[in-house]
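In the form predicted alone, a lone chain appears below as structure tokens.
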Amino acid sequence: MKKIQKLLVIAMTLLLVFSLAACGGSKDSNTSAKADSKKSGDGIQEMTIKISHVVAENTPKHQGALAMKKYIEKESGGKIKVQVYPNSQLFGDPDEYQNLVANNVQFIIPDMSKLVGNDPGFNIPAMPFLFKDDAAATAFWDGEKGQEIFKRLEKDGVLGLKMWPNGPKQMTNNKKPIKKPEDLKGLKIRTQGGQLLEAIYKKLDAGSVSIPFGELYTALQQGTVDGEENTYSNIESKKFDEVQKYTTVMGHTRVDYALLTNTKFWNGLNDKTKEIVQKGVDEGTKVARDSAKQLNEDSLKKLKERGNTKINQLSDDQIAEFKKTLEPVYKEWSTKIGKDIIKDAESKNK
């Protein structure tokens, strides 16, 4: 009998313990639910966004990416984390577009020359002497024809958002000063790639080679190529002047970037989240555009102070000679890109 009573006491004690635990669990669940509700009550989706690019930190592209990060993280109250990877730390030239298509990264900012295989319209920055300045190039890409070219990427699952300028390109080499078209004969020049740039250097009797930007310093140092073309900010920030004796100020072609995102990612944002990300894009675009001209001016000053490369400014007459030599290339590619597009681009110089 005593044994039965003892078992009943134990059973009742266990029942009471389980009941209290159940009540406590219910209370915790309700508290958790309220916390979750509060966390998502403003409608902002929690996520991590990755931005990848291939150039150094002290460039317009990186400054724009940092401005995007700062705005999005602040306005989302930290619910959206933005990770910026410069210097090909995450993906390099050869594979960043494919990883954007796969949504392994949410934003990339490639040189438009890397997109010429997707659409010939992205040859615009490589058209010799097409734009007189950053403002003319920006006006084109913000306009109807520029946006039309961006939309052609949607077939890949990619959305073109904005153009970020880097500026006009200058030419460097380690062999001799370049003052006239004939001076380029026999030189091997690294370009960003594409048939138009190949055509330009073929017309100048020079060879052209496409080398990933992250590998370019070593290629110049080892003599794999004799020279390259780039903006002042890229030349200075990557210290190409350490391995290039001569710099020719030409402004013959441009480096312009396309800010791209994945359409699946973009369309998966709710209205509140998309509003924050879009305004972050706008802020990043403003910073990138505002800083491009100043950074190039500052970089030119630094190159002069370091004194490693002899800088030669072409005269108007010398530039006119290059334009005349490259006129057949300009006419041929105007047809390939679309005469209506080139006409629109030319109109932005007025």
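The first residue of the sequence shown is number 1, and the count goes up from there. None of these values were measured; they are calculated from a predicted model.
Keep in mind the form predicted in complex with a small molecule is missing from the figure; the text below concerns it.
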Site test, V55, D111 and R190 vs the small molecule in the predicted bound form, non-hydrogen atom cutoff 4.5 Å:
yes
Considering the small molecule in the predicted bound form, which of F140, F131, Y232, Y257 comes within 4.5 Å of it through any heavy atom?
Y257
Work out which of F107, F213, F122, Y97 lies within 4.5 Å of the small molecule in the predicted bound form, going by heavy atoms.
F213
In contact with the small molecule in the predicted bound form (heavy atoms, 4.5 Å), from 77-85, 131-139, 111-119, 146-154, is stretch 111-119
Indicate whether the small molecule has at least one heavy atom within 4.5 Å of a heavy atom of D93 in the predicted bound form.
yes
